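Only one chain is given next, in structure tokens, and it is the form predicted on its own.
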């Protein structure tokens, strides 16, 4: 049984595959469908962008399709980078460039005002037209310098309150326990299993 995860980010694919490793679900991605072109993220919210991507992917592949829109929300920056997290430093910006911009924007912000959270919204689009959403958030602080060697994106600059560690200091298993994407996926998992079980029995 196949599930299309509408992303070219193989780090996200690895996180998802680890979360459903106990189930007979084969996760495929944009790497397996080189002709798939992700639509422009024109939504103003994480939910809108996730739905745009999931429905486009489902129509293209004919498979149940999962899309994630996620980002970093910083209180002191009035919610930025938000839905622009992946392109905070410009279109096609690298993680390093985005992190450099975030550090520059936060350089004069005192520790007590560096609160932030990661948000992930997942949309599952099914071939019969149904869409299902889930959302996860993890709260923390923006660090003043990078910490840790794991993760990707803004992970090196994000301190996880619950774990008393930087996000990039967590193992993949630890990250999946507390991350915004892990949280959103656990909420989505029952819907996935319900769909795949019904398909298997039908």
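Keep in mind it's a predicted model, so treat the numbers as computed, not measured. Numbering follows the first chain given and starts at 1.
Keep in mind that the form predicted together with a small molecule is not shown, yet the notes after this line are about it.
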Open item on the list: Quick check on residue 153: any heavy atom within 4.5 Å of the small molecule in the model of the complex?
Closed with: yes
Residue contact check: residue 86 to the small molecule in the model of the complex, 4.5 Å heavy atom: yes
Would residue 1 show up as a contact with the small molecule in the model of the complex if we use heavy atoms at 4.5 Å?
no
**OP:** Evaluate residue 174 for contact with the small molecule in the model of the complex, applying a 4.5 angstroms cut-off between non-hydrogen atoms, and reply yes or no.
**Re:** no
In this chain shown alone, the residue from 32, 135, 41, 26 with a heavy atom within 4.5 Å of the small molecule in the model of the complex is 41
